[in-house]
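Next up is one chain by itself, shown in C-alpha cells, the form predicted alone.
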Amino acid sequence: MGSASRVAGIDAMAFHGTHCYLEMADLATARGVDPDKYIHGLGQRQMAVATPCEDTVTMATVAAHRALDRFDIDPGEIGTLIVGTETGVDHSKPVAVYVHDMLGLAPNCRTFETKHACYGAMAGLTSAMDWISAGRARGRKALIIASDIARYGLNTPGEPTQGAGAVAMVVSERPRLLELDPTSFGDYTRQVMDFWRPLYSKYAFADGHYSIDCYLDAFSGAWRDACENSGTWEPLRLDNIDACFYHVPFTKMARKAHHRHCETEWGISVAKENEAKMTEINASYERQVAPWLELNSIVGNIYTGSLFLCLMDYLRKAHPAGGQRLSMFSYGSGCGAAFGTGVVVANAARYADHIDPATHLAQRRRLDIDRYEQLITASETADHNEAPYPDPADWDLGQGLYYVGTRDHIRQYTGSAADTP
C-alpha cells in the first residue's frame, strides 16, 4: 500500500482540552429539559468549557508540545505546521504562526492555517501526506493541529453541542501509529448553506436538519470517489475495516453516519421496518464505531478535532497488534468532505499511554451552572481591545499557557506550554 517511493502516516498524537467542564445533566436541569435528551438523545455526558484565558492558540500549542515531548520528537524536525480551525483569533494572522513561535520551530518551517468548518484538519493531514509523498519534506515531519472552540451562546438550541479542545498529530515517512493509504482517499465538495458564521457575528448560523442531510450526502460522494481512486472497493469494504471513525459534532451523529456507510456500500436504502438489515447495521455499529466514542462524549464538539478524538480513543483502548485497517470520514459544513483509510503500524499499541488523555481529563474542574454562565458571559468580551482583561486568577487557573487580553490590538499570552498540566 502507499506510494511507490514514500509512505506517510501519523507518527504521534496528543490532546489538550480545557480546565473546566459541565455535566450535561446539570445543563439539562437548568434549561428545564429531560437529561435523557442530551445524554441519550445526543449521546453527550459532559461538555468542555473554555475560560476567557483559553483559546485556539493556547490549546493548539499545548497539544503540540505534548505530542512532541511524549514521542521524543525534536521541534527542529518539523518542516510544515498546519492548524485546522474554524475559530481562529484573527481574520488575517493564522493561529499557526503563534504556535510556531511558542514551540520554537525553525524559520524554514512553512506555516499556515486551513479553514473549511470541521474539515480543516483533514485538509491539513492530506496536504502533509502529499508534501511527504512528493519528496518536498526532505526527511522532515509535518505537525497538523486541530484546535477549536464550539460556542453557541446561552439558552440557544446549539448550547448542548458545545465543546473545546485540540488534537495534535505529527506526520512522517516512518509513522509509529497509522500508515495512511493515499490510494483510498476520496473527496467531495458542494456549496451549501447548512452552517456558516458571517464576519459580523460571533456565533454561527445553522440549519440543523439540512446540515445532517448534507453530511450524509457528502459521505456517499466521498466514499464513491475513494472507490474510484483505489480502482477497487475491496479494501474499503466494511468487512475489511476494523474500526470506522466519523466527524461527530455529537456522538449520536456517528450512528447516522454509519447507517449511511452501510447503505452506500450495500447499494440499498434501509428503512427501520427492515428488521433484518437494521439488526445487521446495529451490530456493525456496536462493533466498529460505538466503542471509540468515549472521549467525544466527555469533551463535546471540537469541530476539526472531533474525528481524530475517535482515532485516539481507539489507539488508547484497542491495543491493536498492527495491520488493522481503519476508515476516517471528515465533514465540514459549507461543504467539504473526505473519506480515507489507514493501516495500524505494528507495535502501535506500545504508545497507548502516550496518547491517552485520561490524566489530563481527570484534572478538569466541574462547573456549576452559575459559574458556567459567568464564564460564557466573560468570554463574550475577552478578545476586545480594552479592559477588563482576562486574568487566569479569576478562573482559578494555575500554571500554564494562557491568553491575557489584547493591548494595542495585539494579543497577549503568558506562561508556557511546558508548565500546563
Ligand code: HMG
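What you see is a predicted model, and the numbers here were worked out from it, not measured in a lab. The numbering used is simple: start at 1 and walk along the sequence shown.
The form predicted together with this ligand exists for this protein as well; it is not shown, and the discussion that follows is about that form.
Exactly one listed residue, out of V299, M328, M312, M253, brings a non-hydrogen atom to within 4.5 Å of this ligand in the model of the complex: M253.
D36 is the sole member of D396, D69, D368, D36 with a non-hydrogen atom lying within 4.5 angstroms of this ligand in the model of the complex. The closest heavy atom approach of H209 to this ligand in the model of the complex falls within 4.5 Å. Looking at P157, you'd find a heavy atom of it within 4.5 angstroms of this ligand in the model of the complex. When contacts are judged by a 4.5 Å heavy atom cut-off, Y303 counts as touching this ligand in the model of the complex. This ligand in the model of the complex is approached by T161, whose closest heavy atom lies within 4.5 angstroms of it. Heavy atoms of every residue among E86, H247 and S333 are located within 4.5 Å of this ligand in the model of the complex. Residue heavy atoms within 4.5 Å of this ligand in the model of the complex occur in exactly one stretch of 181-189, 283-291, 76-84, 212-220, and that stretch is 212-220. Residues A117, C118 of 97-134 are found to place at least one heavy atom within 4.5 Å of this ligand in the model of the complex.
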